[in-house]
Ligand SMILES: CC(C)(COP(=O)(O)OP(=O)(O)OC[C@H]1O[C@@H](n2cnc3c(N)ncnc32)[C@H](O)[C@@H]1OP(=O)(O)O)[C@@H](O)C(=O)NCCC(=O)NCCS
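Next comes just one chain, in structure tokens: the form predicted alone.
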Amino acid sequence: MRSADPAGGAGFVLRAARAGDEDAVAGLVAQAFSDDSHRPGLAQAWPEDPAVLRRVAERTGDGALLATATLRLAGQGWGGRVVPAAALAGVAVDLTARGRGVGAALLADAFAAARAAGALVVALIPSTHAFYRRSGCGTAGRRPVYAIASHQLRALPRPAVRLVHRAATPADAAAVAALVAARSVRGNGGLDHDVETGGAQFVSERAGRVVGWCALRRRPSTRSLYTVVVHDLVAADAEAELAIWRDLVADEPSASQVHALLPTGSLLEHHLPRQTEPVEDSTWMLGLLDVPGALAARGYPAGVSARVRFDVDGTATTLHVADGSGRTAPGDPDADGPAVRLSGADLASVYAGHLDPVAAAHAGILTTDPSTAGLLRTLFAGPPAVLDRPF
């Protein structure tokens, strides 16, 4: 795909990254995120992985890379079902190419590649909301990371049966993936297991069966020898989860604090007397790469039947919901019945349950009647959408 530079300078080509691009991509990422671990000369050859899509913008003439983006294909839990998704990361544009439309063109190209690979939605942690919103992404939820006192974790209830904790091996991947998949259908926003999750990884066994998994790292701290940072933690049941927090994560007295994602209503939040201080409360975003496909793939509340016509950026789609499932058909803009008019970015926020349709209608963010707004609130209700881990 060839694109002219809107600023009138050199043109650029959008293409898949290939062998030999590693150093140039590492340089762009290091420049964008001030990350020396990605500086040129340290980059390793990319392993073959069909689930990873790397896209770049190459300047015509000299072949210099102007921008890069990486997507990892995965499944994401929505309404009790797993929807084909892509996780977007590593979006970087060279300083000399900014403001020329290169980033927007690359993002459109990356989204098209993910859609062609079967993804219906895309999840990302934004550096700037405005840039991604222009590409159809809306706020989906928050990522509340708290500093938790280690002594509070050590005071959690002891399990009736002691767990055995050990370093994870490749042979544990299927068992861990099953734990993560079960979590995904209990909530919204969770991604499939990714063996590349950062940090040291451990599994916990009970009676010889894997019942938990944790990825963590130790970061230098001024308050103690180090701080434990939990990238992800999942367990088969409440007893196993509390045991992992108590036995594996709390490194008291070497670490006075643990930094971990603590969603509203989570088991750990329920058991802790208080969270000492928030260290991060960023938002994450969702985009619907295929509006009809994403609406049809999502789960809905059982016992609710509905028909709603959406006008999304001028394109009409009708959603039929029954028995917890949805199906879609092209909508007739002139048809009678409930209708909702909104942008693709705002539909993504409604889809995630982050944007309340009743409040949004009152604010003029979407256009519909009060009854339909209430119906949408029912259809997309659920636990707060949480992106379980960075990627």
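Quick note: we count residues from 1 along the sequence shown, nothing fancier. Only a predicted model underlies this, so the values are computations on that prediction, with no experimental measurement involved.
There is also a form predicted together with this ligand; it is not shown, and the following applies to it.
Remark: of stretches 125-133, 112-120, 214-222, 238-246, the one touching this ligand in the predicted bound form is 125-133 (heavy atom within 4.5 Å).
Within 4.5 Å of any heavy atom of this ligand in the predicted bound form lies no heavy atom of residue 316.
Among heavy atoms of residue 101, some come within 4.5 Å of this ligand in the predicted bound form. Within 4.5 Å of any heavy atom of this ligand in the predicted bound form lies no heavy atom of residue 365. Proximity of residue 32 to this ligand in the predicted bound form falls within the 4.5 Å heavy atom cutoff. Scanning 92, 233, 203, 156 against this ligand in the predicted bound form with a 4.5 Å heavy atom cut-off leaves one residue, 92.
Of the listed positions (191, 179, 261, 97), a single one reaches within 4.5 angstroms of this ligand by any non-hydrogen atom in the predicted bound form, namely 97.
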